[in-house]
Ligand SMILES: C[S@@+](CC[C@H](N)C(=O)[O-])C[C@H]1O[C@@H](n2cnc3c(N)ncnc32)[C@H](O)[C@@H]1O
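As a starting point, one isolated chain is supplied in structure tokens, in the form predicted on its own.
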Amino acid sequence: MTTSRPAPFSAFTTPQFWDDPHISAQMLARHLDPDEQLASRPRSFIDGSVAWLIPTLNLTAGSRVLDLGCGPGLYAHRLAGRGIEVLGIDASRRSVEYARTMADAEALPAHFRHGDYLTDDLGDGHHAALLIYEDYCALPPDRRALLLARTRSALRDGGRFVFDVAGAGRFSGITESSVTADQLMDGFWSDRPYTGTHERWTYPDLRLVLDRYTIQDGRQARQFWNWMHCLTAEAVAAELAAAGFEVSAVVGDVTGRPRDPNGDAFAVIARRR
């Protein structure tokens, strides 16, 4: 395993991370913690987000929404509770099973699939699509282009795509680091005793950050690469235009608060041309 600075986007381990049996259990617990901010946002934020999304996207009972990276259905269940039909897709088998169980228990019009939104069927004719928690910035440019093309195909004419982004302003507050510890992050990475190394690299010319975790448990060594591309609104607008979208609005986050141009995040509402 290399210890020198990796090339930008030289590995992509997101599916392995989200579908690992032990890690996915840790992530689901964090998703379901109402105050957690490292896996999903606090419940008060999610409630405010759904309250903003419904009128902003002109959603009514019977509208169809595609929830990309839906996790355990925190947004999908709330939308479906208003009669909105939701299709959720996520790489975590465990989260999808939870989302499906909860929807079935309440007879909600929400359906969930375990899969990869870059390769698997997304359906078509959706009124809107969501990609929340800055997943867009974890993808390299070619995969972002693929995501946009596939999302556009899944939307009806005039359909809206809402997603949030790590802003360029965030990059200036990030520094490189390296730490090695037994049971790094208190057992998050394995149910066996392990030693974990967390290395962080920055790429100033790209405003790109890599957090790489190397986990050695005596049986095997595994690596998980988490990329974060801090983007400008102008760069995102250009990517959207190339994919057949136009930007309807740029706001501070997915509750619709005003955007701080120097802030560390923003959200985009784009319309399928």
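Just count from 1 along the sequence shown to find any residue number. Small disclaimer: the values here were computed from a predicted structure and weren't measured.
The same protein also exists as the form predicted together with the ligand; that form is not shown, yet it is the one meant from here on.
In the model of the complex, the ligand lies farther than 4.5 Å from every heavy atom of F9.
Although the partner is absent here, G263 sits far enough away that none of its heavy atoms falls within 4.5 Å of the ligand in the model of the complex. Contact check for S92: a heavy atom falls within 4.5 Å of the ligand in the model of the complex. Using a 4.5 Å cutoff between non-hydrogen atoms, G159 does not count as a contact of the ligand in the model of the complex. For the marked spot (G167, A233 and D253), a heavy atom within 4.5 Å of the ligand in the model of the complex is absent from each of the three residues. The stretch that touches the ligand in the model of the complex, counting heavy atoms within 4.5 Å, is 125 to 133, out of 167 to 175, 194 to 202, 100 to 108, 125 to 133.
For the options R212, H31, R222, R64, the one in contact with the ligand in the model of the complex, meaning a heavy atom within 4.5 Å, is H31. When the ligand is considered in the model of the complex, only one residue from L57, L240, A39, L208 comes within 4.5 Å through any heavy atom, namely A39. Contacts between 56 to 72 and the ligand, taken as any heavy atom within 4.5 Å in the model of the complex, involve G69, C70, G71.
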